[in-house]
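Next up is one chain by itself, shown in structure tokens, the form predicted alone.
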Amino acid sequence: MRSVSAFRFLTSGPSDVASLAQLLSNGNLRAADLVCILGKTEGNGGRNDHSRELAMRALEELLAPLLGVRREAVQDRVILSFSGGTEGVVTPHMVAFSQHGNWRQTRAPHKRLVIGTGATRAFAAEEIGRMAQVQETARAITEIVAGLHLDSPQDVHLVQMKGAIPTATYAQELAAQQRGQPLRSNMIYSRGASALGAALALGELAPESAARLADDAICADYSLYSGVASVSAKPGLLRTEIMVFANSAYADGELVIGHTVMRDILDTQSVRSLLSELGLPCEGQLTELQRQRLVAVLAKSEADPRGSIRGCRHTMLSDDDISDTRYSRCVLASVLASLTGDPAVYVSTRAEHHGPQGGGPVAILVKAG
């Protein structure tokens, strides 16, 4: 039967793949079944954070001989997605997902985790941050979702993406300026357009909201957003890599995923409600027995660009000593860890069109009760 397994490893450094190597060597996990590996590394999370590349290089070197491919081809088989920045209580870790078996012929009385992966076509630099990227991202997500045997798009709880940022030449930049459409080939616009692509594909936008989608609305009209997207962006990447996490009644296994949208960085009630929906109700913090069912917590954060939280001024955006990304990661990770009692949380920063301004999506993966 179709089944997804997840294996979480705490790491001693970005290149620490020893636990995964042991699991592969003892036969408890087959390299051929790996779908994706997500992780947090202890870099600064910025453009010069090379801890992510170090982690991926170590995984490529481990998996290449097991998959029978060159190191450079590993990511054609297994998507590797790492987020830098483990400020505060965050424990560096990785979660490896494997999937195997055939779909059920009949519906099960339960829904279980399934994962679909794919990619957009290659983008031109002038398409980034514009409707061409939104629409192509929506097309690719729709195609992936169609193969997951879902009852509806509401069964999707996380769309993890690595957004494309093609390198632009000076001639392309000049031509775009002359057309009156300056290039938007950067992280901000790639994240924003990708998130809106998810919202469009999954019907998260009401018809009147979807009608407002246009080039000028991208990274401008923040009333338009996705509650399940989580996008990072990579300079030099030509196409957007996509992972869709959903629950299907045509799959087995023990894993279930759910999501919520925090209205701001302190919105613990939304997270408590989600934990309760997943069978982990808590008044204060999850018990040790409950934590044994917790597999992964993944969230998007940002320092509210309006400069306040619940009517109180914050200084995350005006501190020249510490980046606002590091502040917001640290705060949200601490909030989430305080609820679960587990510091191995995956928090990615910058959240253009990811939930309402100052808030963001949270997905939680658990073992079914």
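The structure presented is a predicted model; accordingly, all values stated were derived computationally and were not measured. Residue positions are given as counts along the sequence shown, with the first one as 1.
Unshown form predicted together with another copy of the chain; subsequent notes refer to it.
- Although the partner is absent from the chain shown here, none of M94, P109 and H149 has a heavy atom within 4.5 Å of another copy of the chain in the predicted bound form.
- Of the heavy atoms in R306, none are within 4.5 Å of another copy of the chain in the predicted bound form.
- Interface residue remark: G341 is counted as part of the site for another copy of the chain in the predicted bound form, having a heavy atom within 4.5 Å.
- Interface residue remark: E241 is not counted as part of the site for another copy of the chain in the predicted bound form, having no heavy atom within 4.5 Å.
- Residue contact check for A18: none of its heavy atoms lie within 4.5 Å of another copy of the chain in the predicted bound form.
- In summary, the region of this chain contacting another copy of the chain in the predicted bound form, judged by heavy atoms within 4.5 Å and restricted to 122 to 130, 245 to 253, 198 to 206, 283 to 291, corresponds to 283 to 291.
- The listed set C36, M316, L67, L29 contains one residue whose heavy atoms approach another copy of the chain in the predicted bound form to within 4.5 Å, identified as M316.
- In the predicted bound form, another copy of the chain lies within 4.5 angstroms of at least one heavy atom of each of the following residues of 69 to 90: R71, T86, E87, G88, V89, V90, in sequence order.
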